[in-house]
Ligand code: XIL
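A single chain comes next, written as structure tokens; it is the form predicted on its own.
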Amino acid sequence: MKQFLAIVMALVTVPVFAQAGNVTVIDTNFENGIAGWGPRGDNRQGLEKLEVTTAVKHSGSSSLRVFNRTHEWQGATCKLAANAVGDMFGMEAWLYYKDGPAKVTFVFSTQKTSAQGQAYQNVLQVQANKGEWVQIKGEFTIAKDPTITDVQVYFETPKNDTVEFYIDDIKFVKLDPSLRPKAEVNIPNLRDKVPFDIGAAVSVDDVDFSSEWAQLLMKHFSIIVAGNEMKRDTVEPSEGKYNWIPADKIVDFAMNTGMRVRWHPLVWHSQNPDWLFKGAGATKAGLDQRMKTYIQTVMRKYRGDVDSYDVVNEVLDENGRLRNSEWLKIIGTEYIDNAFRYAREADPKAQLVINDYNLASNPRKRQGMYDLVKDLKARGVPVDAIGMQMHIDIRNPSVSAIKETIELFASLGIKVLVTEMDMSIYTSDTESKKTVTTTILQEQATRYRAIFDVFKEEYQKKNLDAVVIWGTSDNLSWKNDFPVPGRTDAPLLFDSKLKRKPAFDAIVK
């Protein structure tokens, strides 16, 4: 997924705070002090600071100022609630910044502490314009894990943003269990109705066996991939110190349910830890060694469990040329060759994939990928498959363009995977929020069916290996609030209540 866009799976159903049975656990507007919030950084060393201020406010006379930040993960944090494990929450808060870039993305995250250590989960995101208050709101569930001893909630920014920001009117409500969505039981199993493996992107909370999302996954999908938990900033936050807890939970879920696992990704220009391109190890030889060590550490740990890896992700720009990433600037073009060769050394049986977006919709990028892989294969670089992300919309690209792209890549003698499919109901980045009508859902269903007919045909020709949907239910989609803040989308096969949509029916029938 593009840049920070993959950072979270935003849950944007509007919380029903007024329902009987809900319990408010956090409710503050900072009129009476800091109200239990504190900094994530160590302010004793002169780092991040928090203070109540009257200079900026959303309502009333005060807000919480978060400043002196040196890392994007620093922000305001607060204990969620006693005994939060297994509960579903609604939340809302208002965020603001006045200095810095024209737009900033704010992220709401959780930190869960257990006997195994700490696990972090990006839950919600919203894009803000400089000088304008923006609301972040949604629902989230804390996995029913008895080893969890503490749950913290906090606000941060991705992409190395360290802007000073303000928070106001924060509310968290523990939702009545009767309001939770339920996965449908008496409907066909999607994975039994398509001839190829069908997958879904997940978060660590989705694989809690007690959750309805886990029931949906087990019923309908044969592959899972982590939306964020397998990205390097999560896996190796400090050099040589690995956080395996989130990835292990996802892999263990797959092993216990007979599902395949894809790893996304090993080498990418985004969502890397701060240290990766800095210090003595950021020379050509040093960075190459860091890349090799990481690839082989991951793949040797999961050899036999993870069978497909996005070895390099999004290496091309929109003109079909190599992206001018830190990898390219420091190591040079051979970083791609080396990544695949290191991966093959670590696991000779794994499927090694080069993954990118807009391949069916951008002819220059499609040709660039074809030329790149043709050259790699000619030089003996072990590329097994091309991953087409397929973040498409309800009209574009054409079904014929999708078919032609799969067949072009397959002509190189490799497999094609659809790795991150969703279908936005919007056709432009400027289109205003619209109501999801029966007509829109039927148009989406017809298009899903036509594209899946192509997938079936290409699978039968041995061109296509698998299809992965980027999420499960609409409220979990990263397309909510992006690229237009406050604009909800409906790009997946199940709605926010986990009910099947016409697109699901069109595929299975």
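The first residue of the sequence shown is number 1, and the count goes up from there. Please read all numbers here as calculations on a predicted model, not as lab measurements. Definition used throughout: the rigid core is the maximal C-alpha set that superposes within 1.5 Å between two forms.
The same protein also has a form predicted in complex with the named molecule, omitted here; what follows describes it.
Exactly one listed residue, out of H220, K112, R366, H391, brings a non-hydrogen atom to within 4.5 Å of the named molecule in the predicted bound form: H391. Residue-level contacts in the predicted bound form: of W37, W478, Y448, F455, one residue has a heavy atom within 4.5 Å of the named molecule, and it is W478. Heavy atoms within 4.5 Å of the named molecule in the predicted bound form are found in one stretch of 143-151, 224-232, 95-103, 239-247, which is 224-232. The named molecule is not shown here, and in the predicted bound form it never comes within 4.5 Å of any heavy atom of T77.
In the predicted bound form, the named molecule lies within 4.5 Å of some heavy atom of H264.
Of the heavy atoms in E156, none are within 4.5 Å of the named molecule in the predicted bound form. Residue contact with the named molecule in the predicted bound form: N313 places a heavy atom within 4.5 Å of it.
Scanning 269-301 for heavy atoms within 4.5 Å of the named molecule in the predicted bound form gives just one residue, Q271. Once both forms are fitted on their rigid core, the CA atom of N122 lies 2 Å or more apart between the shown form and the other one.
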